[in-house]
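Here you get one chain, nothing else, as structure tokens; it is the form predicted alone.
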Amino acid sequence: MDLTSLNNSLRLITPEIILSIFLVIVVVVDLILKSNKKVIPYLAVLGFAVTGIVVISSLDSSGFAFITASTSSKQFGMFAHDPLGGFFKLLILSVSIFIVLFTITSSEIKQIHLRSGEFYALMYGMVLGMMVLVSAVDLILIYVALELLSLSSYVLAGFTKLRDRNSEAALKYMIYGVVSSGLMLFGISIVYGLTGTTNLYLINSLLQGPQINILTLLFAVLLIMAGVGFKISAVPFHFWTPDVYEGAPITITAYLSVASKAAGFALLIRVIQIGFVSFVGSDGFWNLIPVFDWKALLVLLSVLTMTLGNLSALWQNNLKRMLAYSSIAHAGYLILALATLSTQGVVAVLIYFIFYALMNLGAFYIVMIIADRTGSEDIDDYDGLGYTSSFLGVSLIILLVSLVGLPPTAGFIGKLYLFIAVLDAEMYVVAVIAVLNTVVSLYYYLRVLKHMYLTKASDSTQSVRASGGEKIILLLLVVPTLLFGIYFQPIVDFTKSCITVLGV
């Protein structure tokens, strides 16, 4: 690699470099400040904000970093800087800022304030892994980024050590993660053995030749899907989700439910579109290389994921577990949009993720506030909450209605574009299944509202009051959830401008 190429590569990974610099700064500041760690979360927010500004300034640019492969007409690198990667990076950084704000008011994080520097350093490592993952187009770099993300998240899941369930969550998360990573690496090795390369673009060109063993490729793809399915909590790779979500600190649970899932979907989109699409038709539908039936696999995963997630959520009394199964169900809806194998489907995924981030983070934040005051996450402790704490009650109503997908909330717009993509692909039977699942989800969300407004509070029920800072953070999530349910065109236009995948 010559100096010019190296400079170009470094320019394209500027956000990742800035993030790495702030990671080092957080560690150094933590070492200098022995006992007063209050400045560290604000420093973390600053790092994410600066990185986000750099990402926004480079949204219109594109190119490959670290050129490792070439064809007769093009050169390809391990890292693709394009609008799709920029979208997911912005989403991940925005969610990260909210999570840091959550930690400032979280009683769980306050109890480990002497170790908060390590907490935010691990969080930076997790974000760095996600940002590399959403732009990686080489299977080796994908695996390295996935491991960086995973190793940081394993530690964060059990970081507080305040209860036995924290360590249990971390251990279960690590065991499932190690198995899925091993399966994925085995699949990558098989693909390399078949094609002689790990670059997705070169794999695409080689798959179009007659020499590929289809059965071996099928086995390899299924193994790789184990790693991706683990990150997006798709059935049957979802087993870790409810236990880890319940046992981890609520801030980390919220983070895993949105940011980690977003990185996993970005990876899935790239693997399919770059590795298996021969060309995109004028109607926006992808024409796949006839070596693997991605549509059948994705539809099957979608139906199983949304159905199991919704049915399992019906009898959950712990709000974190209920939202965990809800998160699994939403992963099913997102997989369904991707199963259309179309540009419209990708647009639906991006729109859905923006709104899902708002409503899911808001719901988890309210659960965190109530748990901090009452010490409980049980649904019975929400009895009469709508009257004793009207602000939290009304906010939770809006967020849960949005999670169902009812108007006039942002969740309705997300579901609307998802169903438009599905119907445009003429997938009518699956659309009916998705509608029925939405009806099922209405029950367990309304169950929370029943406890808040129709069940009388007992004498032991504690009154919950949110502080001024907590109300501001919550309004930053609730107001857009309502606003984008009415005026959503800017979001749609933005997502349509971000669907470009480099080299496709």
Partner chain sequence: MDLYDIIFYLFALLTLVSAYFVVTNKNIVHSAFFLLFTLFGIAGLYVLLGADFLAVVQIMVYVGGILILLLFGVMITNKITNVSIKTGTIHIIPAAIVIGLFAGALASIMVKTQWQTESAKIPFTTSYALGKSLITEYVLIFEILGILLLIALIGAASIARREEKE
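Positions refer to the first chain, counted from 1. Bear in mind the structure is a predicted one, so any value in this text is a computation, not a measurement.
What follows is about the form predicted together with its partner chain, which we do not show.
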query	finding
Heavy atom within 4.5 Å of its partner chain in the model of the complex - residue from Leu314, Leu114, Val432, Leu423	Leu114
Residue among Val144, Val271, Val303, Val277 with a heavy atom within 4.5 Å of its partner chain in the model of the complex	Val144
Among 353 to 361, 387 to 395, 215 to 223, 93 to 101, the region lying within 4.5 Å of its partner chain in the model of the complex by heavy atom distance	215 to 223
Every residue of Val132, Phe186 and Thr195 near its partner chain in the model of the complex, heavy atom within 4.5 Å	yes
4.5 Å heavy atom contact, Gly284 and its partner chain in the model of the complex	no
Contact label in the model of the complex: Lys161 to its partner chain, heavy atom within 4.5 Å	yes
Any non-hydrogen atom of Ala324 within 4.5 angstroms of its partner chain in the model of the complex	no
Contact label in the model of the complex: Thr455 to its partner chain, heavy atom within 4.5 Å	no
Those residues of 146 to 160 which, in the model of the complex, come within 4.5 Å of its partner chain by heavy atom	Glu147, Leu148, Leu151, Ser152, Val155, Phe159, Thr160
